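There is one chain below, alone, in structure tokens, taken in the form predicted on its own.
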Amino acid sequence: MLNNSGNSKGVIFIVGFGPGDIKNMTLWARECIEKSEVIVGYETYVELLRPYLNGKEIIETGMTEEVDRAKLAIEKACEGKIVSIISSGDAGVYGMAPIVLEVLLESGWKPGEAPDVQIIPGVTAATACASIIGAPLSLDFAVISMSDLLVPWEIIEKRVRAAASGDFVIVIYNPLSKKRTWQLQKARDIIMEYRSPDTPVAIVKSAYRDGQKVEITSLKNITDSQALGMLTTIIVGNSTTFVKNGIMLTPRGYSSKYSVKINLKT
């Protein structure tokens, strides 16, 4: 079991700081970062927050070193320090929250014991990207990562097929990398078994960060985009999703019950 060797009870804030722009960071996340003595994070995320980290001990690690970051954060908290371990988006969605909790639980930790742990929710990529292009997530949707580093492709394929057959709007994280080049095309082919090749698709790279790119295209042309990569999120519409005047929208069905038209002319 982990021991708290400090004179005070250490704290771990597992912080989701949103897409990267300060305007999308919650007040709670900012307060936790400000009061923290130690910041632990992936080096790219630390750079995004660098202007707000003056005077703090900063521990940076590279990609795929999530378990090491979790252990380092726990060790610092067990010294009695206030620690923020940071994730972009929401810490519980492909973020650090489950990893930190798993390490703690495997070590015999229980809620109420030292260190104190708080999970700070944040704006995740799905909702951030949706806000840029309209309102495509107004009904049921599924979020699926194309990364097969931790999840076998056979399981990812089953999830894509289930979401497509269920007519969910599908949000695709991590669509492409240097080593992972064919999975997105395979996912597209599966989805096209269940919906039109002309289904609207939004491709958003680096949402709310420098270099943001936004494309509206169709399902059949999804792999032609030049914006694909690990910083890209894709939103595939369902059977009712449409694009009008550059806005991607999945209607909630109010027009079948009420008149949604108003006179905008004065």
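None of these values were measured; they are calculated from a predicted model. A residue's number is simply how far along the shown sequence it sits, counting from 1.
Although it is not shown, the form predicted together with S-adenosyl-L-homocysteine (SAH) is what the next lines describe.
- For the marked spot (136, 216 and 250), a heavy atom within 4.5 Å of S-adenosyl-L-homocysteine (SAH) in the predicted bound form is absent from each of the three residues.
- This chain is drawn without S-adenosyl-L-homocysteine (SAH); in the predicted bound form, the residue among 125, 164, 117, 82 with a heavy atom within 4.5 Å of it is 125.
- None of 191, 93, 170, 74 but one reaches within 4.5 angstroms of S-adenosyl-L-homocysteine (SAH) in the predicted bound form through a heavy atom, and that residue is 93.
- Within 4.5 Å of any heavy atom of S-adenosyl-L-homocysteine (SAH) in the predicted bound form lies no heavy atom of residue 202.
- Mapping the unseen interface onto this chain, residue 184 falls outside it, with no heavy atom inside 4.5 Å of S-adenosyl-L-homocysteine (SAH) in the predicted bound form.
- The shortest heavy atom separation between residue 78 and S-adenosyl-L-homocysteine (SAH) in the predicted bound form exceeds 4.5 Å.
- In the predicted bound form, at least one heavy atom of residue 209 sits within 4.5 Å of S-adenosyl-L-homocysteine (SAH).
- The chain is drawn here without S-adenosyl-L-homocysteine (SAH); in the predicted bound form, the stretch among 107-115, 191-199, 156-164, 93-101 whose residues come within 4.5 Å of it by any heavy atom is 93-101.
- Looking at 223-241, the residues that come within 4.5 Å of S-adenosyl-L-homocysteine (SAH) in the predicted bound form, counting any heavy atom, are 230, 231, 232, 233.
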